[in-house]
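To begin, one chain is listed below as structure tokens, in the form predicted on its own.
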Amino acid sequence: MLQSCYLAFKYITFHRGRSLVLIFSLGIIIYLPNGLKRLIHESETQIIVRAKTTPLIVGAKGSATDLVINTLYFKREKIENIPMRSMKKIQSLDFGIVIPFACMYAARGFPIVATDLEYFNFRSLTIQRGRQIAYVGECVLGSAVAERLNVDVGDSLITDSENFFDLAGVYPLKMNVVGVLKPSASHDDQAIFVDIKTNWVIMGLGHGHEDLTNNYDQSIVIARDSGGIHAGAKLYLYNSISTENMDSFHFHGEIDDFPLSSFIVIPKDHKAETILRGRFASGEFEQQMVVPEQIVNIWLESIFRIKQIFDSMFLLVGLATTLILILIVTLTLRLRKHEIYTMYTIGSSRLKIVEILSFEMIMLICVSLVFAGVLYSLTGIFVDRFINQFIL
């Protein structure tokens, strides 16, 4: 048997090209159904776990799916904003913790998530390097963002321009990176976190400018009266916030009217949740309240129906692969008939010849399984990308 194994090994290594083609072909065919099944299973698990850990979401009436995707997975869906006062109204009821949320902008392709410090406690997010957000204009990076952009504490990020023809004159904001979060194996790793007021500055609702009382360029000032000093368009607006100009930043309008994408509600007990959901269902509030787990389950039922199609398809592929493998073995035997005849002539029995050929196939299949296993182990790296590109 050892001699047969040795001869089989020598034959495979001599015909390297043909052997490698067979190994890669078989490995990929073995990997595809199992790899896809793992991607779908892990994607479903990640999506459901995040939905289960988020009790309630409140947002503008409209698509509940878009609202959940925006709040849980930071996809900037076209959802209507809600005013800050709607969140304060829920806070005043004292039914639990209320966390403001806004995901409207991006920086270098990564979503900017505006919230408060309670969100980090809720998601169990901790700082790995640097510190937490303390001032307007500061940001904290998810671990994946810091790694992919090669940005660390002390660097800066500039928000992406939403509209190059913005007549309102809202400038991209240069944000100071003050911290990097520990990896959490969730969508939080791929986000840039800022304070809610920073989001409003990005929107153009707040800004800082030169101190007109100490400005000697009189062409900037267009009027002086008892109400103050009025400046023209020549006045320089800051697009970055630092300790030197922080005092000049201010907001125009009522804070209660400023927008949020949504807010998360964490009821203090089951009774509080039931009462709150009942008051929303009765139409007492203008917004809608959704249970993320329910929305995600309905959504996944529709998406993962395609898994059944893939299972059927790969069953057919497996059958076709088996037939092709049989065809390859048959053709190989026909091509090697002179070699087999020589082996038989020099004294090898039929059983020995079958044994050598069997060892060749076993070796090829074993190496193909190892190759498929390597691909399978690497599949987990692409779960987040699979979710973002093919599910969300």
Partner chain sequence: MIRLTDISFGYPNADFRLQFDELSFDTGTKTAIIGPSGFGKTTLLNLISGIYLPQLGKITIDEKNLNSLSESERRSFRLLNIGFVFQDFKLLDYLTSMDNILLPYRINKVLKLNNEARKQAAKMASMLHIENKLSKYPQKLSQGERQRVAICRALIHDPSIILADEPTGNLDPENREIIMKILFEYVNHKGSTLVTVTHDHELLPEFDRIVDFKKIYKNS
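Numbering follows the first chain given and starts at 1. In this text the structure is predicted, and so the values were computed from the model without any measurement.
As for the form predicted in complex with the partner chain, it is not shown, yet the points below apply to it.
- With the partner omitted here, the residue from 366, 323, 346, 331 that has a non-hydrogen atom within 4.5 angstroms of the partner chain in the predicted complex is 346.
- By the criterion of a heavy atom within 4.5 Å, residue 336 is counted among the residues contacting the partner chain in the predicted complex.
- The shortest heavy atom separation between residue 38 and the partner chain in the predicted complex exceeds 4.5 Å.
- Residue contact with the partner chain in the predicted complex: residue 382 places no heavy atom within 4.5 Å of it.
- Interface residue remark: residue 11 is counted as part of the site for the partner chain in the predicted complex, having a heavy atom within 4.5 Å.
- This chain is displayed without the partner chain, yet in the predicted complex the stretch 338-346 from 49-57, 323-331, 338-346, 66-74 comes within 4.5 Å of it by heavy atoms.
- Taking the partner from elsewhere, every residue among 3, 6 and 15 has a non-hydrogen atom within 4.5 angstroms of the partner chain in the predicted complex.
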